[in-house]
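The chain below stands alone and is given in structure tokens; this is the form predicted alone.
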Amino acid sequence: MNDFSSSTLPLVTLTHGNSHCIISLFGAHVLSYQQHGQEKLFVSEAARLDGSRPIRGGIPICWPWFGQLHPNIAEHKQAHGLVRNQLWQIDAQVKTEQLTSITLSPTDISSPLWPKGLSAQLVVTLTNDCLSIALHSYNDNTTSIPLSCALHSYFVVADVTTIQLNGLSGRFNDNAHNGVEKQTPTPYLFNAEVDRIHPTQVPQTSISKDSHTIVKVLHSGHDSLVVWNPWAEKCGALGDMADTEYLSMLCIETALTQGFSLAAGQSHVLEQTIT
């Protein structure tokens, strides 16, 4: 398993059979998922593990808005929401012959940007064969609440220039080029910065190399998938990512980005399962 011994953050380890998962209570952030000895997630060697900023890598939780999708983002400049830079509490833990799971919830809802009546829980479930991350949103208000969010997963690869992303087609918005609409490439390869929102509900994607599947990702409750890699120039400008680490990762993010609203009294589950 990855060595997070330098972390000053409270960590929880889930184990089931030969599978292991490490979660930081800061951000309810999954840091590591090893399936039968194989690490599936990327965390930067320069990631801050002291609570001074969100953690670079693993599975950040973006909620109750994703990226810049907040009407007053130009004023407060707080990208990716309110929960990835605070401590979460443990609400429940379950261990059976079939699975091990933990349920977490944010501890600080005092921000004036927090939508009244909106709450969240994260359920992380580990089995012999997969890791499931389910982000539950609840609206206890009497009116609907706009909601955008994402499971911003960083997957580890040996060399991003040698892999292929499978399962996506159709049009996408290219945020690396001012949001212009483009056609998904076939094959889906990587040789430059990618920052793409695919407005699709496709249920499964995968990363492969030489026809061998490295990781398979199942998606539900989403209206889009985001694919991201900062590439050399932007990676070099990040203070919490080593200059060449862009070669070792690819983000495939299960997301709501297309103007979703959570109706009064209703709930929603955004879920990603990694196998």
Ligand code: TA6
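In this text, residue numbers run from 1 along the sequence as written. Computed from a predicted model, the values in this text were never measured in an experiment.
Keep in mind that the form predicted together with this ligand is missing from the display, and what follows is about it.
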Can you tell me if L238 lies within 4.5 angstroms of this ligand in the model of the complex, counting non-hydrogen atoms only?
yes
Quick one: is R56 in contact with this ligand in the model of the complex, heavy atoms, 4.5 Å cut-off?
yes
Although the partner isn't part of this model, could you tell me whether F66 comes within 4.5 Å of this ligand in the model of the complex, counting any heavy atom of the residue?
yes
Contact between I90 and this ligand in the model of the complex at 4.5 Å, heavy atoms?
no
Please pick out the stretch from 103 to 111, 78 to 86, 184 to 192, 164 to 172 that is in contact with this ligand in the model of the complex, where contact means heavy atoms within 4.5 Å.
78 to 86
Only counting heavy atoms and a 4.5 Å limit, does any residue of 239 to 260 reach this ligand in the model of the complex, and if so which ones?
E253
